[in-house]
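Shown next as structure tokens: one chain only, the form predicted alone.
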Amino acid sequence: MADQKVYQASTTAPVNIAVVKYWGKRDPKLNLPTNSSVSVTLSQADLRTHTTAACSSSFGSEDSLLLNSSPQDVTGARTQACFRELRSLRAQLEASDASLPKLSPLPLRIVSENNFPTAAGLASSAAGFAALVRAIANLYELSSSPTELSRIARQGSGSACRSLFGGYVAWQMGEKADGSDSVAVEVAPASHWPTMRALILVVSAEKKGVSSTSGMQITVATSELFQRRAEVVVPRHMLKMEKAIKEKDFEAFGKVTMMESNSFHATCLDTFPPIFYLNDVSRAAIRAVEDINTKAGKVIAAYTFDAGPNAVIYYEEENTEAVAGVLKSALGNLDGWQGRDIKEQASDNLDARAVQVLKDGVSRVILTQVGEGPIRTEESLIAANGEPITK
């Protein structure tokens, strides 16, 4: 009788929020970007994907993926590319060591859970593909480094390559046509600058109007600003950002972060027809950050927006009251402040109309900080018999 054993491994993986943005592909099939990018990995205590990867001859013939208890299509080119590359690495191991169980031909069963809303502009696909690749690599007992795995995760979701590391991460765009040098590398570990905090204003947990994938294609095809951004603006921002992180210079970090977000959304606006990821609530958040910085007399808070309306506001721990405390005094009735020791500070220097727009439009806050990369866990989402564990 064939071996029906269920082999499995589990991991958690983090969300990352870019401070130098990835937007535009030079090769859509391989997810090769038109520019490099830098991100901050956020704490998994607040935002993470937990994934178990299993394989067994008892699983029938098809690969499957369950995300937050709902079946997902795994036949897409991106997911298949990840499966194919990881299987190929496992097959090489099996070829070199006959004593290893033959896992590479077996169907995969992946079960994944997010502790945050999917497709709400919270970089869920980044955490999702990073967790998927890391869990299968663990299942296959691959010795690949995070940078080597980032080349595979990138093919699932571009920004996923950055979620294979903790701390501060650069995705180098690379130059080779095959994408072999388009990989993520650590700029600095979380321990280098552990005082970085992030406050996320969740504007709405609805799916966004224009997906990132189609948005990028239209921008590349129609925006003239885009060309200058890729060739001039981003390379300059990359140098400044990596220097700011290495020197733990928040003012420089904050300034580049905000200018970079503005530049990215300007190219979206310069796309034809224009793409509007920011809305009135987003603009009110920008105003609030500007008011906080004006009062401080320097940059102590920095906003950034991905392809969606949610504001991510970075600040250092020493400025918690001046940033988060001020926003709490304006938005203290929202979910997310509970259990956090943040002293309110008067918010009367904030623009009153902006505060009203934020009160009406923000559904909850998420308070988090810089964190670690994927973590192997014994907590499995798949039972010994191969069935998903329902909570």
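This structure is a prediction, so every number in the text was calculated from the model and none was measured. Numbering starts at 1 and follows the sequence shown.
Omitted here: the form predicted in complex with a further copy of the same chain. The next part is about that form.
Looking at 78-86, 150-158, 134-142, 277-285, the stretch with residues near a further copy of the same chain in the model of the complex, meaning non-hydrogen atoms within 4.5 angstroms, turns out to be 277-285. Contact check for 225, 258 and 266: all three have a heavy atom within 4.5 Å of a further copy of the same chain in the model of the complex.
In the model of the complex, a further copy of the same chain lies farther than 4.5 Å from every heavy atom of residue 295. a further copy of the same chain in the model of the complex comes within 4.5 Å of a heavy atom belonging to residue 233. By the criterion of a heavy atom within 4.5 Å, residue 273 is counted among the residues contacting a further copy of the same chain in the model of the complex. Put simply, residue 351 is close to a further copy of the same chain in the model of the complex: some heavy atom of it is within 4.5 Å.
Shown without its partner, this chain lists 315, 253, 168, 303 as candidates; in the model of the complex, only 303 has a non-hydrogen atom within 4.5 angstroms of a further copy of the same chain.
When a further copy of the same chain is considered in the model of the complex, only one residue from 113, 242, 186, 290 comes within 4.5 Å through any heavy atom, namely 290.
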